[in-house]
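Take a look at this single chain, the form predicted on its own, given in structure tokens.
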């Protein structure tokens, strides 16, 4: 019996010695690594949009268990978002990924709050599939601070029935400044006292920046020199654009309205023959009133010296202080994948920004409208990426409203705006 016990002890000793010889000591099982948590902030909008982003983040987290995405829905208005970002900056809780309005690229990105995405994009196999504007719009002095995933063009729409009534071909919308003006004069309707009861073209009285800027761009003028960050409203081409818009105002072809209040746009109410309207507003209008599908036409971008429509954008950015930039980029790649882009176009009517998705995008219906949306998205320009864009917008708006009200000539209004911007910059 004693011999047997000694044999067992000897075998156990040999086994333990083998373990020590193999690894020095018996190792514990590796501890399970906790997933990285990244924050994703996005401005609020409608419930369908918010639900999509929550589900997309959940899907990504499920596919990539090592990265968990926490979604925060921000207020929809830029001033409220600014307040949230200021608080996050002070408390060191800036989001890893932020869905930014284009205006924040100039106000925050170029001031060091967003990371430069250029190194990520350079090594990205999919980069050549995107429209160049997707990267150019978020670029400042060679660095890319945001990638556009949601273009929001302002499209020239018109009523085919009103065209026929005025003796115009409903399949031939205006293509240039001369035709736009001539058509507007033919399409306007007035009562016995000369009051406009149907606008030939919607010309806003309030919040006009998005309306006036394309006319400057189309004429080869810029509001700002983006490289030098200085105003260029003393350019004769800018004056020519303002004089053209002044003719439209003086012709009294419009019903006064606030450009920012989409529900007040005369065209939406059936009181205008032509208007520049955001693509998403057109989509919601057609959904709520399907009978308009056969009546509303979509014009290609208006041309003078150039074709440059206004196209707003939302862009994906990464916070400069993020500890998880690689993980943030992995999430952005997922959100910019073909699969997610098509899903957004179908669920939320968001335009696509990938070349390879165009035919698929058209197949889903409303091909005529979508082809125009793509053209505007490719050619469109948005807010200038500078530190002085907000100042410039204020003075440009003041200049327009001085002309609209008759308080100043285009020459004087632009002179005052140029001097005002320069004075504020010096401050």
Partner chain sequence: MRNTHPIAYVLILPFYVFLFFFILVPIGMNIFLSFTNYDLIQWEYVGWKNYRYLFQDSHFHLSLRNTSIYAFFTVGFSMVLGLGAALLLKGNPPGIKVFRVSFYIPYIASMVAVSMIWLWIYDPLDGIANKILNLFGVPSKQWLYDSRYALSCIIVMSVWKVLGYNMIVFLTGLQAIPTYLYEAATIDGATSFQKFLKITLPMLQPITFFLFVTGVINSFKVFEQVAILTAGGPSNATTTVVHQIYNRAFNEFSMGYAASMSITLLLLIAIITLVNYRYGNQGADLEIG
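Whichever C-alpha set is largest while still superposing within 1.5 Å between the two forms counts as the rigid core. Residue numbers count along the first chain shown, from 1. Please read all numbers here as calculations on a predicted model, not as lab measurements.
Keep in mind that the form predicted in complex with its partner chain is missing from the display, and what follows is about it.
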Check 212, 219 and 305: does every one of them have a heavy atom within 4.5 Å of its partner chain in the model of the complex?
no
- Please run the contact check for residue 340 against its partner chain in the model of the complex: heavy atoms, 4.5 angstroms, yes or no? no
Is residue 206 part of the interface with its partner chain in the model of the complex - any heavy atom within 4.5 Å? yes
Could you tell me if residue 394 has a non-hydrogen atom within 4.5 Å of its partner chain in the model of the complex?
yes
Check your understanding: Closest heavy atom of residue 288 to its partner chain in the model of the complex, within 4.5 Å or not?
Key -> no
Note: exactly one of 269, 323, 172, 127 sits with a heavy atom within 4.5 Å of its partner chain in the model of the complex, namely 269
Checking 257, 310, 276, 316 against its partner chain in the model of the complex, the residue with a non-hydrogen atom inside 4.5 angstroms turns out to be 257
Partner contact check in the model of the complex: of 344-352, 76-84, 162-170, 221-229, the stretch with a heavy atom within 4.5 Å of its partner chain is 76-84
Residue 265 C-alpha shift between the shown form and the other one of 2 Å or more, rigid core reference
no
* To do: Determine whether the C-alpha of residue 84 shifts by 2 Å or more between the shown form and the other one once the rigid core is superposed.
  => yes
*After fitting the rigid core, is the C-alpha of residue 162 off by 2 Å or more between the shown form and the other one?*
no
